[in-house]
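Shown next as structure tokens: one chain only, the form predicted alone.
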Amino acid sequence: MDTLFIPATKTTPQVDFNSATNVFELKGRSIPADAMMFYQPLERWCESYAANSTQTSIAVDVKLDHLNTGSVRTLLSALSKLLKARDRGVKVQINWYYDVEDEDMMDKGEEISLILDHPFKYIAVRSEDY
């Protein structure tokens, strides 16, 4: 399985889904003009990974400082595809990082966790630690 790496821009996060380490990271700001177009490669990658990986556990680190509405929808879709790996016995841990002073991002993590019906680990950090 190939690694998916997309560098960050001013409006899109860095995507580093490393199949060798099984640590998957989204980092930065997610406010693309066309979220579906940006997240489409990630959705396809997650679907393929969930169907083909032989790993027993994976970790997803979401380190986003802002998400627009389109990003929330497409991120939900990508994560739901990745969570299908649970059907094959894979343990999936989602770590939701948020600035200690940003309750909105904490709330978004809780909403996404509820929609996905999957517990998240919430990690409060200072924005300079991102």
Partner chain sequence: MAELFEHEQVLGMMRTGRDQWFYCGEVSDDLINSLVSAVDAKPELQAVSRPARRRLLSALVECLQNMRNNTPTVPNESVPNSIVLISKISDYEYGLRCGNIMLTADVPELDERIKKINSADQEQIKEMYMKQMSVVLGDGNRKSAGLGLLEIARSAAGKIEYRFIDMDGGFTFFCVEVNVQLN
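Everything numeric in this text was worked out from a predicted model, so none of it was measured. Residue numbers count along the first chain shown, from 1.
The discussion below concerns the form predicted in complex with the partner chain, not included here.
Even though the partner chain is not shown here, does it sit in the predicted complex so that D99, K108 and L114 each have a heavy atom within 4.5 Å?
Affirmative, all three are within 4.5 Å.
Could you tell me if T3 has a non-hydrogen atom within 4.5 Å of the partner chain in the predicted complex?
No, T3 sits far enough from the partner chain in the predicted complex that none of its heavy atoms falls within 4.5 Å.
Since only the chain is shown here, I'm wondering whether M36 would be in contact with the partner chain in the predicted complex (any heavy atom pair within 4.5 Å).
Flag for M36 set to yes.
Taking 4.5 angstroms as the cut-off for heavy atoms, does D65 touch the partner chain in the predicted complex?
The answer is yes: D65 has a heavy atom within 4.5 Å of the partner chain.
Answer for A50 alone: is it within 4.5 Å of the partner chain in the predicted complex, judged on heavy atom distances?
Contact check for A50: no, nothing within 4.5 Å of the partner chain in the predicted complex.
For the stretch 44 to 82, which residues lie within 4.5 Å of the partner chain in the predicted complex by non-hydrogen atom distance?
The stretch touches the partner through D65, H66, N68, T69, V72, R73, T74, L76, S77, S80.
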